[in-house]
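Take a look at this one chain, the form predicted on its own, written out in structure tokens.
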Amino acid sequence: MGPTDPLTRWIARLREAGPPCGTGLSPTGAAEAWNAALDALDPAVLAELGERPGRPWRRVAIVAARGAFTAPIEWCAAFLAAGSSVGLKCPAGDETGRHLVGLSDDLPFEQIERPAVREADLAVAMGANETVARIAADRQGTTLCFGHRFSAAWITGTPLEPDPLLPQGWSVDPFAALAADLALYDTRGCLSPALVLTPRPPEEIARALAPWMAAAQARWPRGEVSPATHADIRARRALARATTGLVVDGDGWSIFGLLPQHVLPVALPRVAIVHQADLSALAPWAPHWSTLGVDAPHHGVPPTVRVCRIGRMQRPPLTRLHDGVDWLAATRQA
């Protein structure tokens, strides 16, 4: 793709315009998430999609979920690069679709509603398990379903190599990188670390992580938190106090220590839930496990789980398996 390519121009417009309003994140948090999503749009990978064997899908419908508001960007870019016409359906009240389509005047890209999802040649459905199942049942054509997933981090305290994708000073210390993963999108979305597993005492992890959680809050303040989510945080805090006694609260962030039997893979905004446990604690939820962020090699991870270094959990490359699916291959028909 060159500078005059319509897709390249679209990406440049998105970067210049910045994120849409109403993301629920703070302005600096939304900007960090927006730029991270655009940085992942590797021009070489996108250019190669149009040269792959097979035919592009004629009409593709992408149904986005609530959570990480930038999630549809890579899907739209990939299918547009592959030569498809793309329709995007976002949740009610989500401004992302209007923002993305409004800056794409010379691309076959539009906002759509349910009838167009039903009629598309291919649909990509993201959201709750019940939602994606309902979309698939309502269609005759092919549907790629991506339901509820969660992610986890494995941390030992092993120093990391410098990472150019992270802000300077945040990539070598694994606790800084973990705090950056927890801060990005306010721990929303299936790639955010819903829990932290470690072989070390949780108190040690909390001592090392707390200063970086505070630094992340200073750099990217936490956005809106609903009353229901505040109640969930209070419930998890009460459980930590009653069991391990490990509760560290700061301005806009918390660290709770919980026992392995209390593993619950549900993310809370800017809350690090630390368990002294190995990966076997996640076995009951293995089919819903998306990503594992690590600071040291770890074995025994299911093959469908994406493994990456801590700090890149919510900064995935285009070339990867998405929940075990070669999603770039799916942009072309056999």
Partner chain sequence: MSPWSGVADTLSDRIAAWIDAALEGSAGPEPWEALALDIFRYQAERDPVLASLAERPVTTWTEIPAMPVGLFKDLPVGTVAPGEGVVSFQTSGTTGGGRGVHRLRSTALIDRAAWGWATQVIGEIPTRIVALLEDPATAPDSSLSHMIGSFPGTKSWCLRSGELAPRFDLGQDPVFLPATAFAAAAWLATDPGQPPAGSVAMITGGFKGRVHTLDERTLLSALLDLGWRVVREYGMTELSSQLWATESGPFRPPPWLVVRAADPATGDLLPPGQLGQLRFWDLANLDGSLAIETLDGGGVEADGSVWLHGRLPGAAVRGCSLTVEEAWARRTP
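Predicted model, so just to flag it, every value in this text is computed and none were measured. Numbering follows the first chain given and starts at 1.
Another form exists, predicted in complex with its partner chain; not displayed. Remarks below refer to it.
- Residues within 4.5 angstroms of its partner chain in the model of the complex, judged by any non-hydrogen atom, belong to 184-192 and to none of the other stretches in 98-106, 170-178, 184-192, 73-81.
- A heavy atom within 4.5 Å of its partner chain in the model of the complex is found for exactly one of I135, I112, L239, L122: L239.
- When its partner chain is considered in the model of the complex, only one residue from L165, A116, A128, A214 comes within 4.5 Å through any heavy atom, namely A128.
- With a 4.5 Å cutoff on heavy atoms, K89 does not count as touching its partner chain in the model of the complex; it lies far away.
- For S226, a non-hydrogen atom is located within 4.5 Å of its partner chain in the model of the complex, even though that partner is not displayed.
- Within 4.5 Å of any heavy atom of its partner chain in the model of the complex lies no heavy atom of R139.
- Not displayed here, its partner chain is approached by F150 to within 4.5 Å at the level of heavy atoms in the model of the complex.
- Proximity to its partner chain in the model of the complex holds for none of L197, R200 and G293, with the criterion being a heavy atom within 4.5 Å.
- In sequence order, A283, P284, W285, H288 are the residues of 280-319 having a heavy atom within 4.5 Å of its partner chain in the model of the complex; the partner itself is omitted from this view.
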